[in-house]
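Read the single chain below, which is given as structure tokens and is the form predicted on its own.
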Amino acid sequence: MNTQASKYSVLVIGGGSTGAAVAHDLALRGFKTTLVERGEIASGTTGRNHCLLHSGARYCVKDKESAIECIEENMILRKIMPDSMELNGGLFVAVNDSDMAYMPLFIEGCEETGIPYKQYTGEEARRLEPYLSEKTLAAVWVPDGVFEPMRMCMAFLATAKKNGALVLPYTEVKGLHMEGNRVTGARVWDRIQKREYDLYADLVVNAAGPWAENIARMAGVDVPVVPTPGVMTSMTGRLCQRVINRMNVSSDGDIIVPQRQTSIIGTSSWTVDDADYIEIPEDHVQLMYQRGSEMIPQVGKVKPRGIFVVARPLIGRKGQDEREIARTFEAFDHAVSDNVEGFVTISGGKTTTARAMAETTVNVIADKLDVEAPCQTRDTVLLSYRDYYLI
């Protein structure tokens, strides 16, 4: 154990993929780590996304920074988290002339960002995926995949617990403790035992996703997080073996992700003020069916198993076009931005980039506390998610 790091305690708020990865990185470097989550692990944004292990190809034309982050982390997660992944690949399919015109830009973007790809004719693509539309003109394979959101978080946290971390689900933060301009801990509510108590730490990490604004306000600071929901429809049956993307600029209903024996169509995009109360617009649901059917007509012949919505925690400002906000991430040291010590926020990014987000965050923490403790998460194979309940 790093004796320098073990002198310090860190409280992580949020038990989604980002918070879980931060807790893992902290514990691996030797910090005394506690994580709190107001619900079950992965019950927020992480547990309600479309489960895509990004290759980065969705961003390779307009958001190259995010594309590079995704492909690098994709390759790392394949090594360290084998129990939580289905490495089935993905196809970007062209079904009209506009899609075909976009293909050269897409291929150029893949080459510039280091994303492996392979081109197929429409006939070859339909042999791989028989339910693809007969209008399919061409396709490009990329190393997309599918993950199990809860298993991913539990794998991070099982390993964190092995290294001494304390994980407290159903523990909601009601307020932050302040001494002058320093955050020193949190008042929390145990939702099982129905009691409030205090947790103190040398540093608090705000990894609450689209709820990060709410936590930041408790310290009197602002973070530029835009809660951006998207509607998804889970269809009965596995209509494709690979992830199917539309070969064009990212738009509504342009991806179908196979998840076990379902097919998840996503997603729309708009902004809200409150990530807890999001109405599902019926026209967004219908658009998922319509756009999904353009790639796989069978979508229109099966019943939905579920319709759901979740808010992404994008880094930006309200009023921006949400499709134009980059999908990269940022760690905010509030001592620098707001003169509030002992408080760091991490937000933005994707579930695919959770490990990298954690590395960036814990590097900030180590620098703040003057601790020499290099990141080890790139090569540390995680325990099985099953071990979460055994440690």
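Numbers for residues come from their place in the sequence shown, where the first is 1. These figures come from a predicted structure and were not determined experimentally.
What follows is about the form predicted in complex with a small molecule, which we do not show.
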Sort through 287, 310, 203, 239 and report the residue having a heavy atom within 4.5 Å of the small molecule in the model of the complex. 310
Single option in 52, 364, 356, 340 placed near the small molecule in the model of the complex, where near means a heavy atom within 4.5 Å: 52
Only one of 136-144, 123-131, 95-103, 227-235 sits within 4.5 Å of the small molecule in the model of the complex by heavy atom distance, namely 227-235
Determine whether any heavy atom of residue 360 comes within 4.5 Å of a heavy atom of the small molecule in the model of the complex, and answer yes or no. no
Wondering, does residue 61 line up within 4.5 Å of the small molecule in the model of the complex on heavy atoms? no
Contact flag, residue 56 vs the small molecule in the model of the complex, heavy atom cut 4.5 Å: no
Check residue 334 for me: does it contact the small molecule in the model of the complex (non-hydrogen atoms, 4.5 angstroms)? no
Using heavy atoms and a 4.5 Å cut-off, decide whether 31, 159 and 198 all contact the small molecule in the model of the complex. no
